[in-house]
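What follows is a single chain, given as C-alpha cells, in the form predicted on its own.
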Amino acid sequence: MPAKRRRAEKAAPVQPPAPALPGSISPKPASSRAARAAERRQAIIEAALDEFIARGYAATRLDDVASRAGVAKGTIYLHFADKETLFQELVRTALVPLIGRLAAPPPPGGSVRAALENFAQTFAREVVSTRRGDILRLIVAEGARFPSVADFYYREVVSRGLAGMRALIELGIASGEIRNEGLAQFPQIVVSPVIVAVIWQGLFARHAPLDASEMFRVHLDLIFGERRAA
C-alpha cells in the first residue's frame, strides 16, 4: 500500500457511533420512567394534601385529586388502592418523619427541660401554622366519623410521640429535674399545650393570636418550676 494512502487512512476522522434504533433497549429510559413515576406519585400526594385541607376527608374525591395533580384518575390507582391509602401515605410523608425529631433525647450533658423547649419550638414552627397542623385539625374534626383513619393516625403518629415523650419524662425523673413521678403515666399532660395551639390556630387565631412557644414555656414552669435569673 502506498505511503500516501496509509497516511490518509490514519488521518481519517473517527465516525461517531450510529444512533440507537427506535425501540432499542437502554438502562436510561427505565430510569427515566421510574423518575417520572416518582414525580407523578409526589404530585398526587401534594394534590391530595390540598384537596383534604380544602374539602375535608369525607368530601375529598379522587377525581378532584387527579384533576389537581394533572393525571388520569386511573394513574392514582397505580400507586394507591383507595382514598384512605392515599391519606395514610400523606400522613407518613408529612408527619411520621417529624415525630422522631420532636421527642429526641437531650444530648450528653443536656437537660430534659431544654429538650422539651426544643420540642415546643419545633412544633410551633413546623406544625402549628403549617399544613401539618391542617392535617392534625382534620383528624380532630373527622376522626370520630372515620375510625380506621383515626386508628392509623394513632399507630403511626400519636403512639410514637407519646412513647418518646414518656421516655423524656422518665429521664427527667431519673435526673431529678421532674419531681412528680406520676407525670410519666400521663405524657399527654406535657404535650397538651401544643394540641391546644393547633386547635386554637384553626379556630381563633384571627381573633386572638397565640404565642405557642411562650405558652409552652409557662407550662414547663409549672412542671419544672420557674427558672431563676442568674
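One rule holds for the numbers: they count along the sequence shown, beginning at 1. Because the structure is a prediction, the values reported are computed rather than measured. For clarity, a rigid core is taken as the largest C-alpha set superposing within 1.5 Å between two forms.
The discussion below concerns the form predicted in complex with a further copy of the same chain, not included here.
In the predicted complex, a further copy of the same chain stays beyond 4.5 Å of every heavy atom belonging to G70. Contact between R125 and a further copy of the same chain in the predicted complex is not found at the 4.5 Å heavy atom cutoff. The closest heavy atom approach of L86 to a further copy of the same chain in the predicted complex falls outside 4.5 Å. Using a 4.5 angstroms threshold between heavy atoms, P147 counts as touching a further copy of the same chain in the predicted complex. The listed set A47, L62, A167, V196 contains one residue whose heavy atoms approach a further copy of the same chain in the predicted complex to within 4.5 Å, identified as V196.
Within 4.5 angstroms of a further copy of the same chain in the predicted complex, the stretch 123-148 places a non-hydrogen atom from each of I139, V140, A141, E142, G143, A144, R145, F146, P147, taken in sequence order. Taking 2 Å as the criterion, D151 does not count as shifted between this form and the one not shown: its C-alpha moves by less than this amount when the rigid core is aligned.
Once the cores line up, the CA of N118 ends up less than 2 angstroms apart between this form and the one not shown. Shown in the overlay between this form and the one not shown, fitted on the rigid core, is a CA shift at S129 smaller than 2 Å.
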